[in-house]
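In the form predicted alone, a lone chain appears below as structure tokens.
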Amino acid sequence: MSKILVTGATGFTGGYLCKRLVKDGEQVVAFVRASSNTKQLEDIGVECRVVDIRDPESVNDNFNDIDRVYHIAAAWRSEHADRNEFHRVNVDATRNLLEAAKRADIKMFVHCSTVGVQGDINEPPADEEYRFQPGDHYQETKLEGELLARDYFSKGLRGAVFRPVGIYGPGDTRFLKLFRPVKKGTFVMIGSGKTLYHMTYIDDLIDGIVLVGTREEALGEVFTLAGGEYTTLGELVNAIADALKKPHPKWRIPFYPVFLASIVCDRVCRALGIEPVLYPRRVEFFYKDRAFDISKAKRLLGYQPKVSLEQGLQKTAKWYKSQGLI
């Protein structure tokens, strides 16, 4: 029987996707690094193959029985990471997988991009046709990888692109930066709190990814996959407080002094070769709008987010507590 390949399977989204595919009765293969902890994947029946996706021979040698691909793996941003590695993973490895898929004449190649390729959304909500404006080397290489995939799809390879938005849920820790200070009563809003932000609960995202990979209407298209609603940051923080049964935070400080301090901190830490505790991208979270239009996915795929922001935050808070994270 043909198998479905998932890259990035040991990560948050990839792991959830593997669970869903196995539940749906699919045979799943994961390309993993030799250092990866694969126990949870193997326990649910995922076949884990040690493959360096940056190496075309390693990819080709393990592609003979692959029927469909969900390419989730990416070099994730770290403030002063090796920029060459971002290109090797987000572009070169994507090309290796696309070439192997082309030779194997697979049924579907689903490429995970990011809404970060569109940068700051000046006219929210943004749809898939909104202009590109990547803001850092992670987003730049993700854009290059997306355009590469779209070029292959335009030349005959069956595939589609999706761009996820603000992924959260049990198993993810990125939003601890909001939950922890809200829980402790120490959260301080930087700026007005009126900046727009869009969250996507992981189960809804997985539903969307599977639709992209199985619907004929997806072929050659790009889809933004997000939750059913976006809010201001102030509303989001208050919703987190409600999920934690804590008072709504009241403290605010102006944006620009903090932003200037982040630039100084970043430069000093860069010179010293250490990880900055404060850097521009973290502060820009409080300033740049992130709100998106998902009507295309609804119209063509029947995508319909089911988990409300309130429900998703409650489930996430419960998991954080169960893990002793808050």
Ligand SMILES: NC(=O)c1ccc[n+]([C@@H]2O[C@H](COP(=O)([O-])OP(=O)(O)OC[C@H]3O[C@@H](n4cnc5c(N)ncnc54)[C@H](OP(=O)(O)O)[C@@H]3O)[C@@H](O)[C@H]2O)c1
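Residue positions are given as counts along the sequence shown, with the first one as 1. Note that the coordinates shown come from a computational prediction; the quantities given were computed from them, not determined experimentally.
Note that the form predicted together with the ligand isn't included here; everything after this is about it.
Decide whether residue 238 counts as a contact residue for the ligand in the model of the complex under a heavy atom distance cut-off of 4.5 Å.
No, no contact at 4.5 Å.
Taking heavy atoms only, is residue 134 within 4.5 angstroms of the ligand in the model of the complex?
Because no heavy atom of residue 134 falls inside 4.5 Å of the ligand in the model of the complex, the answer is no.
Please check if residue 121 has a heavy atom lying within 4.5 Å of any heavy atom of the ligand in the model of the complex.
Contact check for residue 121: no, nothing within 4.5 Å of the ligand in the model of the complex.
May I ask you to check whether residue 166 falls inside a 4.5 Å heavy atom distance of the ligand in the model of the complex?
Result yes; residue 166 sits at the interface with the ligand in the model of the complex.
Using a 4.5 Å heavy atom cut-off, which of 268 to 276, 62 to 70, 255 to 263, 47 to 55 contacts the ligand in the model of the complex?
So the stretch in question is 47 to 55.
Counting non-hydrogen atoms within 4.5 angstroms of the ligand in the model of the complex, say which of 243, 100, 182, 74 makes the cut.
The option sitting close enough to the partner is 74.
I need to confirm a contact call. Of 189, 210, 104, 89, which residue comes within 4.5 Å of the ligand in the model of the complex, counting heavy atoms only?
So the residue touching the ligand in the model of the complex, by this definition, is 89.
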